[in-house]
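Listed next as structure tokens is one chain, alone, in the form predicted on its own.
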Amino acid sequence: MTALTPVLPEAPQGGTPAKGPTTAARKSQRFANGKRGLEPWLYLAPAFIVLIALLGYPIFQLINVSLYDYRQAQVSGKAPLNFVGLENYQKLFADPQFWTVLGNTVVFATACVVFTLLVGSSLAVLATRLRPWVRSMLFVVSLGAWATPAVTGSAVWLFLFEPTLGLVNKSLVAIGLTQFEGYSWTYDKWSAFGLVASEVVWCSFPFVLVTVYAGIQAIPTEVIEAARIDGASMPRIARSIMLPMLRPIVIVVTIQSIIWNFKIFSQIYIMTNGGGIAGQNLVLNVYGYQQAFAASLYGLGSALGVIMTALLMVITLVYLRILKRTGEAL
């Protein structure tokens, strides 16, 4: 009986090792990969074209006008355009009122965001514990506030807080707070800001309510039930289980609220009669309107618009970065 001899693979002729894909094959593979990489951009191309048409040209014109001394005389053609470069930006940064208005905007927007999140989130948690018909009524009333136009809501809010005929002052006097008889809520700077902020929160919290409630409903009930069986209290469940699972939604809602409240115009302009006494309640949008249209300093107003656009773009980039990081959780 003879032993079996293992069959060895034939060595390539010439004793050289076998080569990988040919150069042509590698080029073809790279071309295919590049084609697949361009495919998403081809689908996005129509949206990019529309955005460039609707936003690119106006932003370009805004930047262009901000570099000129552009007033009513230049608009009517009675005077030539005078290129001043960054002089309008230098005037803004050297103006103490600009920094005061910027501080007002930051404080006002922060307060609106905080109270909007608190009210909306609290009502969202409350909605999970209400009977279906009560919860439906809560959503109907809240969405009615959300659907109310800003101008209409501001007028109604002013009527409620009117010094002599307003329901709020009459109610406060009726319970013994006589110091509110004839009290003007728009005279003092911070009471006026508080009045406007309350209206902004009133018309903004329904978005937070609906969004957070949807997030709570998406949490698996098995997780909460298991925590209850283990003896966890409801505050502990909310802090250790629900809040971490709702974090992506809360982050998105917070950043969107910051963008919206940073651009407030109608409520401030209507409720404080254009910015309050001596401009004490000015925010950036109203300040820019005054510079561009009331004072006919279109170049200076455009520079302020560029600054606001840059600030909002930074906030938007942060928003998109957070969305990218938390996309799987959303």
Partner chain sequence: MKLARSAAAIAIAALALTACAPPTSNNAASSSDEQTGTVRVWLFSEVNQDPKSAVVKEAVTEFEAAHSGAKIDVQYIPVDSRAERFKAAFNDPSSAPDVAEFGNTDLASYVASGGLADVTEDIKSWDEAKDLDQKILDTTEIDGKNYGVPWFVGVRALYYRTDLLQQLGLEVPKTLDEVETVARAVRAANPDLLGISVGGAAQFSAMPYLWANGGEIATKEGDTFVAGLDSKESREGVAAYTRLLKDDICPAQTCAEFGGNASVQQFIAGKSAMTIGGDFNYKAVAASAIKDKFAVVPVPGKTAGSIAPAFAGGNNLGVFNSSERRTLAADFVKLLASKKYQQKMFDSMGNLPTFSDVQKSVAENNKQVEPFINTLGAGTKFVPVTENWSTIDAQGVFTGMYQKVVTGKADVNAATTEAATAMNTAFGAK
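Computed from a predicted structure; not experimentally measured. Residue numbers count along the first chain shown, from 1.
Only in words, not in the display: the form predicted in complex with its partner chain, which the text now covers.
Joint contact, 108, 115 and 263 to its partner chain in the model of the complex, by non-hydrogen atom at 4.5 Å: Result no, not one residue of the spot touches its partner chain.
Stretch in contact, per heavy atom within 4.5 angstroms of its partner chain in the model of the complex, of 141 to 149, 248 to 256, 196 to 204, 182 to 190: One stretch meets the cut-off, namely 182 to 190.
Heavy atom within 4.5 Å of its partner chain in the model of the complex - the one residue of 243, 137, 175, 75 that qualifies: Residue within 4.5 Å of the partner: 75.
Contact label in the model of the complex: residue 294 to its partner chain, heavy atom within 4.5 Å: Within the cut-off, so yes.
Contact flag, residue 71 vs its partner chain in the model of the complex, heavy atom cut 4.5 Å: So residue 71 counts as contacting its partner chain.
In the model of the complex, residue 226 touching its partner chain (heavy atom, 4.5 Å): So residue 226 does not count as contacting its partner chain.
Exercise: residue 60 in contact with its partner chain in the model of the complex, heavy atom 4.5 Å: Although its partner chain is absent here, residue 60 would touch it in the model of the complex, with heavy atoms inside 4.5 Å.
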